[in-house]
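Next up: a single chain in structure tokens, the form predicted on its own.
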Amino acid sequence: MVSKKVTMRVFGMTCDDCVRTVSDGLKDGGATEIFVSLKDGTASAVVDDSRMKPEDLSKIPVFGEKSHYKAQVRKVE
């Protein structure tokens, strides 16, 4: 397992429920160590690089076509 920390810009969050929805979506997408900031409009999470490319985290269902949340990967460490 190779863990990668992914930092993303998240668009569409307006309240604490949005933060919870994005956090739950990241968890359901296989991420761990999740932190979502409404104030900064950012999210960070750790993914297992052997299971998912870090860049694909912005394509999980919570950020999908039918969702009003969108994400852009800014940094992978």
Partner chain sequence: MILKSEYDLVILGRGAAAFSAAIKASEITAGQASIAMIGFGPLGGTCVNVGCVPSKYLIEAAKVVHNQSHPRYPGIDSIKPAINSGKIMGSLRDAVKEERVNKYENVLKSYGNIDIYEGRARFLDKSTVIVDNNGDSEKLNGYNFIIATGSSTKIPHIEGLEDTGYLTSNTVWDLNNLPGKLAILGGGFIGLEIGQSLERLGTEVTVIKEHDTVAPGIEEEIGAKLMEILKSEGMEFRTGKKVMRVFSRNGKKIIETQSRRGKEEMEVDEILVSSGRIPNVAGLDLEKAGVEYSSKGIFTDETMKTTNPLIYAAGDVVDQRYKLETLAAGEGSIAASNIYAGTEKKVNLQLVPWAVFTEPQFASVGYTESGYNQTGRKSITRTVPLDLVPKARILREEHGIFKMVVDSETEKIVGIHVLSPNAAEFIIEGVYAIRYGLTFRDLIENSHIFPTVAEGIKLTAQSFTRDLSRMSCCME
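Positions refer to the first chain, counted from 1. This is a predicted model, so every value here is computed, not measured.
Form predicted in complex with the partner chain: not shown, discussed below.
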Check: Given that the partner is absent here, does residue 20 sit within 4.5 Å of the partner chain in the predicted bound form, heavy atoms only?
Finding: no
Notebook entry, point to check: Does the partner chain get within 4.5 angstroms of any non-hydrogen atom of residue 70 in the predicted bound form?
Noted result: yes
Next item on the list: Give a yes or no for residue 62: in the predicted bound form, does one of its heavy atoms lie within 4.5 Å of a heavy atom belonging to the partner chain?
Entry: no
Check: Does the partner chain get within 4.5 angstroms of any non-hydrogen atom of residue 53 in the predicted bound form?
Finding: no
Notebook entry, point to check: Out of 4-22, which residues reach within 4.5 Å of the partner chain in the predicted bound form, heavy atoms considered?
Noted result: 9, 10, 11, 12, 13, 14
